[in-house]
Structure formats: structure tokens, C-alpha cells
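The chain below stands alone and is given as C-alpha cells, in the form predicted alone.
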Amino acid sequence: MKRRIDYTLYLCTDRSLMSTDTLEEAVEQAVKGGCTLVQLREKDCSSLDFYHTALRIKKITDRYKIPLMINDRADIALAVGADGVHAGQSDLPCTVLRAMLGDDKVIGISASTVEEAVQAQRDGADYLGVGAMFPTGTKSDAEQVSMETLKAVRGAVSIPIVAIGGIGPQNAAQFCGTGIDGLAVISAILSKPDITAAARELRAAFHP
């Protein structure tokens, strides 16, 4: 049975940005600060390392009863029993991921236009990651999405929407009242000396 997910504060990992010695520490501190969902994103490691990392992170998310998503890799998600997969526009199509993962897994798709969003919903996506909303150092080639486009996407689809890209305490409140379901954050949490406090501040700034 597919898990119900609270998208309010969605942590995406990036070990190059974290202030802690280990990814496990960073994730646990973020969850303690109020992150409601974790996506494990590993672009520069072997499949075996990704698998072992995912197992370690899943122990933490299970302990706190927080869902775990895997970026891009359906095989890793299935191998560790994660809740689902998040895929970009250049990754495997949503329809293919659904065939691989079955109906009980959650699939998120990145979208930067209304057309991409509508197609993702049509293909069976469970939620959308819309962005980049602001300039972001984690994805320098990301196309920037205006607030008007975000609102147009919200009006065009019925599935949950998470905004991503350059979001921090200085702009999180701009998303209140837009009808979106959550904020996805990387550096505004992971790079801070006090990760728990950074997550708590962001969660307080955003009220879906």
C-alpha cells in the first residue's frame, strides 16, 4: 500500500555541501529539525556504495518514521525497500518507472513547465518537484521557474507540488498561500553549522 507523505519540508542530500562528518549525522539532525521527507541523491559513487549508503540512511528514516525517496535509481529503491523514486526529465520516464516499481511505490518527477507537469501527472506521477525557483549552486544548469509558472502548474495539476531551487529562510515565506505542498531544500539546511536549527527555521517560515 502506497504511503501517505507529508511534503512540507523535503530534504535532498548532497554530501559535498554538508557541515557534518557523515551523511547519517546530517540526515538525522535535519529530521530532528522537522524535515518530513528525505531524498537520497548520490551522483558520484558506485552502485554498491549507493546501496550501502541507502541502507544506512533508511535505518534513520525508519527510526523516525520518515519516508525515504531515492534519486533516479529504481534498482536501489527496490533493493533497500525505499518508499519511491524521484526522477528528472532526462531520467527514465515515469511510465517505465511505474512498470518497474509497481503501484505501491511513490514516484516524483521534476518539472519546469506546465506541459511537463501535466504530462507527469498523466503518466502516473505521485508528486512534482518544480524549479529551480531561484538561482542554485547545486544545479547550475537548471532552468529558472517564475512564481507565475509555479502558480500555473498548481492550477493545471491535482497532485502534490514541492518547490525546489535556491530556497532558504530569506524566501520561504513567499510560497505561503501558493497552494503548493512543500519546499525541497539542500544547502539551506545541510551546509549550516546547526542543521537542526536550520530545518526548524525553514519549517516555521513555510505554512502550506
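Here the structure is a predicted model, which means the values were calculated and not measured. From 1 onward, residues are counted along the sequence shown.
Keep in mind the form predicted together with another copy of the chain is missing from the figure; the text below concerns it.
Heavy atoms of every residue among Ala74, Asp91 and Val96 are located within 4.5 Å of another copy of the chain in the predicted bound form. Residue contact check for Ser46: one or more of its heavy atoms lie within 4.5 Å of another copy of the chain in the predicted bound form. Contact annotation: Met100 falls within 4.5 Å of another copy of the chain in the predicted bound form, judged by heavy atom distances.
At a distance threshold of 4.5 angstroms between non-hydrogen atoms, Leu78 is in contact with another copy of the chain in the predicted bound form. Of the candidate stretches 78-86, 102-110, 128-136, 115-123, only 78-86 contains residues with a heavy atom within 4.5 Å of another copy of the chain in the predicted bound form.
In the predicted bound form, not one residue of 190-208 has a heavy atom within 4.5 Å of another copy of the chain.
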